[in-house]
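Read the single chain below, which is given as structure tokens and is the form predicted on its own.
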Amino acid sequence: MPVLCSNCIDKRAVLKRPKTGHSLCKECFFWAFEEEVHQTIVAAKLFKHGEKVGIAASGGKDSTVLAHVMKLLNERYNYGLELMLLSVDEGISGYRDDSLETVKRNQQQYELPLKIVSYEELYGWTMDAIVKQVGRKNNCTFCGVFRRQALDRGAIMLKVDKICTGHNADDVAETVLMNVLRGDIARLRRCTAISTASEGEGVVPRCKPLKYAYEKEIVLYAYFKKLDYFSTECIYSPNAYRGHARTFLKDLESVRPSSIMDIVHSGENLSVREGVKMPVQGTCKQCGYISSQALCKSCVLLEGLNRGLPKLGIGKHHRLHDKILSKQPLTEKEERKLKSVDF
């Protein structure tokens, strides 16, 4: 006997929501998913009427669903937002070039302006070239740091008021786990925030409208809506640290489905006792971007690449920042230590 939709009762259910356990037909699922995102936006006051909002678009399921739902809700509830797509081309052959074709199709489907910024034009390096120099062990560190700054630079070019990203509940829970395992208290406090205030010049506020949406439901929404998205994993990501946190989280979810949201709420309710030393946010002396050190991570990584010393931005080499700023050559011992790519 077919299972009926627990909402409208008279239609056949096509899925059981991982989030609530309710059996729903397509139409009821679409409405429930969209309304939950709307409630998230309203409750957190993510946008103001008339704002220009950039949607970080990679062509993947999360950003494609985000673009679709943001356009739909903007029209349904008259948010009054001017939406546009912003993509970063990391320069990964056989991956990003293909996914950007999906973004270009999304631009036509949703009739939204599109801006693409590339690592090559911003930094003079592509990820393919970076991986050739640093290997595949810490390449995601370079990509993550550069992509965050590239999004900000693209947002400034577009003159947007905010950037919204496709981070979902699974992503947030993974980040909480990663920061716990690394003992990174500063990031642990920030990573569950649904929006970030403007932290300094050159930094555009960001928000996560899909923060409370399960990844499984995003996939189901994209599948049943027949959205056009790119589903291939990055060729350089198999060794990423996040992958281990993701595997652990999926194992937890199979035993206890509420684990994802439990971890998110744990991160939200975290309090740090008084007296714990926290990094002070300032600005990079070289590029002016936000940084808790004299030089931001992006400048240090870039300097290491340009000097042929890929290890410079990996690990704690803050004592070398003054030398970098003053363009002083490193000693033979310092260069020897940083020459190896086996890290």
Partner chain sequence: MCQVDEDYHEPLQRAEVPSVSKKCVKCKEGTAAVVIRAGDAFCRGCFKEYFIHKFRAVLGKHRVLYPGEKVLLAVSGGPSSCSMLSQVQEGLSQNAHKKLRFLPGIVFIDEGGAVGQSVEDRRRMVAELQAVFKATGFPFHVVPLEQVLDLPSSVVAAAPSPSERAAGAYKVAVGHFIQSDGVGVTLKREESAPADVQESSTHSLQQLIGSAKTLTAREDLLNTLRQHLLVHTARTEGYSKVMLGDNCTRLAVKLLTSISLGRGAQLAQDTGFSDSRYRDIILVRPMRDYSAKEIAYYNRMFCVPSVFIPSLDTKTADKSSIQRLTESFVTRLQADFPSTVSTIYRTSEKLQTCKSSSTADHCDRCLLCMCALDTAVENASAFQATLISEQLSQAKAPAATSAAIPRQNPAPMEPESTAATGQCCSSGGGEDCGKAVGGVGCCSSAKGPESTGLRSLLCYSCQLTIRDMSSVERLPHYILSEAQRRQRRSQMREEISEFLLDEGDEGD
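Numbering follows the first chain given and starts at 1. This structure is a prediction, so every number in the text was calculated from the model and none was measured.
Below, we refer to the form predicted together with its partner chain, which is not included among the displayed structures.
Thinking of Gly183, His265 and Arg273 as one candidate spot, does its partner chain come within 4.5 Å of a heavy atom in every one of them in the predicted bound form?
Each of the three qualifies.
Given that the partner is absent here, state which listed stretch (151 to 159, 93 to 101, 239 to 247, 134 to 142) has heavy atoms within 4.5 Å of its partner chain in the predicted bound form.
Flagged stretch: 239 to 247.
Looking at the partner-bound form in the predicted bound form, is Ile41 within 4.5 Å of its partner chain by any heavy atom?
Ile41 belongs to the contact set for its partner chain.
Flag Ala197 as yes or no: does it have a non-hydrogen atom within 4.5 angstroms of any non-hydrogen atom of its partner chain in the predicted bound form?
No.
Does its partner chain get within 4.5 angstroms of any non-hydrogen atom of Met261 in the predicted bound form?
Yes, Met261 lies within 4.5 Å of its partner chain in the predicted bound form.
Are any of the heavy atoms in Cys207 no more than 4.5 Å from a heavy atom of its partner chain in the predicted bound form?
Heavy-atom contact with its partner chain at 4.5 Å: absent for Cys207.
Would you kindly say which of Ile290, Ala294, Ala32, Ile314 lies with a heavy atom within 4.5 Å of its partner chain in the predicted bound form?
Checking each option against its partner chain in the predicted bound form, the one that comes within 4.5 Å is Ala32.
I need to confirm a contact call. Of Leu112, Cys234, Leu252, Val219, which residue comes within 4.5 Å of its partner chain in the predicted bound form, counting heavy atoms only?
Checked against the cut-off, the match is Leu252.
Using a 4.5 Å cut-off on heavy atoms, what residues in 75 to 93 are near its partner chain in the predicted bound form?
Contacting residues: Arg76, Tyr77, Asn78, Tyr79.
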